[in-house]
Ligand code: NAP
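As a starting point, one isolated chain is supplied in structure tokens, in the form predicted alone.
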Amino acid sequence: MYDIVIIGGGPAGLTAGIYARRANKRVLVLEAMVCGGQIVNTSKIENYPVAPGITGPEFGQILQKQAEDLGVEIEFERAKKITGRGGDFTVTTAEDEEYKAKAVILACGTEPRKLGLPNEDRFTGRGISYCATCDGNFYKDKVVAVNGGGNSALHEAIYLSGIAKKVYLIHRRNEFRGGAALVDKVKARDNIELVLNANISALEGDKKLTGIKIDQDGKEKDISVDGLFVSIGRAPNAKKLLSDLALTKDEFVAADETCETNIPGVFVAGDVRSKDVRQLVTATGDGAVAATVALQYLDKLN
């Protein structure tokens, strides 16, 4: 029986683990992929206090080591469902392992949104990617496209511009939603071409992606590319874990700054929580709050 099982090993989940371990609780973190969460896809972190210039993977590794050094247990398994109530929860993983907990913290983050076009799944891993730092090196000196207009898309385009021969940055509006500093960096790169007021309408190729069709200002255009990086936002993924979890209309977990959900003993932290600002610093803040409130819950159980 763990005191707290945390779903997700990103900044929110690992921070929660650190706080809970410092209170001498037995803590398990379940992480489906690698520790660090979405931040590991960032080539350079510039807006987190005290750590300017650190890479996303470095940040994730340091955070993982700090948690493990304190005694946080980490298992690399994907949580599938949570059952039980009232301080007696069971978390079942995709590997059919079961972990008992008195409290659960949901820090499972979000998943990449897809284009929803024919052939997208078939070409994923064969020309379509959702992570430039993961797959960018496969496209050295090749032609790629990035689809999106937020900070993540801008980061992806900048990163890829140092690897690929040419980068098309495709956005459905005529202005970017990302920060002005990032936009200026994009515009300063000679090998990034902006394709604005455009939507991708088709994915072309046979065994792998060879091109995309776009609709720009009412006109269709074909662009030959070796790779496409989709960066059009992320979707929360907590719904599948608890059927009676209260969600917003966008399926984020409904919870205020206390990080308490509608289910006693279940708390939420990070990008999966309903809030206005989703940044690294707010994720770690959520983790601290969720753990603190969970500890108060555990005290009441005893």
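The first residue of the sequence shown is number 1, and the count goes up from there. A quick note: this is a predicted structure, and the numbers were derived from the prediction, not measured.
The form predicted in complex with this ligand is left out here; the points below concern that form.
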item: Location of this ligand contact in the predicted bound form, chosen stretch of 136 to 144, 122 to 130, 214 to 222, 149 to 157 [non-hydrogen atom, 4.5 Å]; value: 149 to 157
item: Option touching this ligand, based on a heavy atom within 4.5 Å in the predicted bound form, out of Thr258, Asn47, Thr248, Gln66; value: Asn47
item: Candidate from Thr210, Asn191, Asn199, Thr92 lying within 4.5 Å of this ligand in the predicted bound form - any heavy atom; value: Asn199
item: Partner contact for Thr292 in the predicted bound form: this ligand, 4.5 angstroms, heavy atom; value: no
item: Contact label in the predicted bound form: Arg278 to this ligand, heavy atom within 4.5 Å; value: yes
item: Exercise: Arg173 in contact with this ligand in the predicted bound form, heavy atom 4.5 Å; value: yes
item: Partner contact for Val186 in the predicted bound form: this ligand, 4.5 angstroms, heavy atom; value: no
item: Neighbours of this ligand in the predicted bound form among 205 to 241 [non-hydrogen atom within 4.5 angstroms]; value: Ser231, Ile232, Gly233, Arg234
